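In structure tokens, one chain follows: the form predicted alone.
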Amino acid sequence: MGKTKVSDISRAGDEQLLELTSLDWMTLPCPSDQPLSIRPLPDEQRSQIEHSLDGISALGIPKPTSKGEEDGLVQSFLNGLRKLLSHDDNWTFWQPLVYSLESCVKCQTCSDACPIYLSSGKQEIYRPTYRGEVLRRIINKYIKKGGRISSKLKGEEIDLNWPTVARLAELAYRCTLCRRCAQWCPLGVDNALISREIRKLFSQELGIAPKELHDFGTIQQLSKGSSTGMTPVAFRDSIEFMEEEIEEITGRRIEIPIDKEGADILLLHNAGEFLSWPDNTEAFAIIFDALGISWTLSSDLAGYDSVNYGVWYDDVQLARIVLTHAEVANKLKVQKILIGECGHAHKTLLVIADRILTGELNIPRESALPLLEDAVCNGRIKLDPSRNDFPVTLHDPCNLVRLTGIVEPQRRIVRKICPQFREMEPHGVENYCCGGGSGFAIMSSRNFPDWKMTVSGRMKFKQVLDAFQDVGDPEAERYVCAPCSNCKGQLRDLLSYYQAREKHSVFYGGLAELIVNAMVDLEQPFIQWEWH
């Protein structure tokens, strides 16, 4: 199709800007480089929803039925854009957004830092700067005084029509918001933030957002108690089940406290741990019991789910859930909130919540990883590393490592208790996203999952295979440690999609599970490979 220009985003009609083909994709190590493809949308969906960006639909935006409807949506977009650029209206990210829009010099240094751009075969529309440049040109032409003449003189023409708006909405969901581009930029321009603010505009002004993040995410979390749909009653049932499992493993009853007033710690887990990875919650309970920590979970609505999908698309929903978490902590009179293995919760509660929580709601909030590091590295738990004598590599969740700067605690743990630990390359703050960040891990509508596996998650799967290249025994069980619930969800799907368990004996799990697996007083292994 030739090189896509920025102005092409305004091209009228249903013609796609990009036809994705597996021949362009980054090569994977053999034997995993089988020819996989992205399923085209069925004809019925193609006739009803917008797909002219790249043939993928993350949002399922209905096509307008009239010119008047198109014009109304374009005007709503323009009104929302003015709010993004207003200090009074954009109370969270106005300053870094304006800086990023005004400072980019288009050097494209960020492009080679972007795993999606690289994995796709360097498709132009996936450059980190592409969506920012589209937004910048719209602002220069349609919002700044004298912009129409200036844009024409500078050769930066762009038409603000419905195809532009629809494609830009989808384009904001071709970025996992991992912020690797911002780290590489010599000026600190944050193209991931620009993508996030575009998402916010569409959600708050046009009501356009992925159903998985909005309807089944934040709205369901506030109405039912969890983004998974787990109610307080179901939550209590799951805890009882976990206590029984702990007793089977340890031979003794360990209580998982719920609604314990005056405890030192309110532990917030991603609710995915209760449903999909209960062994992570069980591991925390065993460790806390061994350490004699005063802690509790909460059964209040949203109080047992650290997820806050508003952080990826909508400031209003973000604030509603942050306030709920703080209110729950105050109700239980705990000393602090401790965040379990959830990268998104780390970003929300450790970083962005400071813009929301004031006064008595500004309760201390910490990551659980330094506490776990202290327990392991200072000998507060008796451990036998030989119990973890299998190949282990460590995935660095973007929001734990690059954003909050928690780099070494998890490394010191796995170095101490995993004799065959090896790093992915690159790692630490230079890590690659799992491909499921910013909510992608739970977005499963239409043909978006195919894109998520073949393009978005491609770089991470390559890293996993490369990390275990030196393991000679094809039957040896390999463990990818991912201290983030969202990343585990993406890894689960990636390993299944590429049949990595069957072909490479690659499994995955959290950090707390490795710690408990090495505890000397357990009669049986804690990690059950068949289950993982």
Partner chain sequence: MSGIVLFFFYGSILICIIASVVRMTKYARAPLHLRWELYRGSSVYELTDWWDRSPPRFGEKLRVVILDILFLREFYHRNRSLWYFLFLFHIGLYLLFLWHLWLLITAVTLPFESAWTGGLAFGHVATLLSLIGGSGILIKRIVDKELSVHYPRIHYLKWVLILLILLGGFLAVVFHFDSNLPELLGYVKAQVTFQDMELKLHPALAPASHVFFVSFWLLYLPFSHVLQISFRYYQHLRWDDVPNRQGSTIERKVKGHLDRPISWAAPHIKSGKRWGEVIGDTEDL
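Source: prediction; values computed, not measured. Numbering follows the first chain given and starts at 1.
Below: the form predicted together with its partner chain, not depicted.
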> Of 404 to 412, 239 to 247, 168 to 176, 385 to 393, which is the one stretch near its partner chain in the predicted complex, taking non-hydrogen atoms within 4.5 angstroms as near?
Replying inline: 404 to 412
>> Residue-level contact is defined here as any heavy atom of the residue lying within 4.5 Å of its partner chain in the predicted complex; does residue 190 satisfy this criterion?
In response: yes
> Looking at the partner-bound form in the predicted complex, is residue 115 within 4.5 Å of its partner chain by any heavy atom?
Replying inline: no
> Would residue 294 count as a contact of its partner chain in the predicted complex, using a 4.5 angstroms cut-off between non-hydrogen atoms?
Replying inline: no
>> Check residue 211 for me: does it contact its partner chain in the predicted complex (non-hydrogen atoms, 4.5 angstroms)?
In response: no
> Within 4.5 Å of its partner chain in the predicted complex, heavy atoms considered, which of 317, 226, 454, 164?
Replying inline: 317
> Among 160, 429, 275, 258, which has at least one heavy atom within 4.5 Å of its partner chain in the predicted complex?
Replying inline: 429
> With the partner absent here, would 376, 477 and 491 each sit within 4.5 Å of its partner chain in the predicted complex, counting heavy atoms only?
Replying inline: no
> Using a 4.5 Å cut-off on heavy atoms, which residues of 217 to 232 contact its partner chain in the predicted complex?
Replying inline: 219, 222
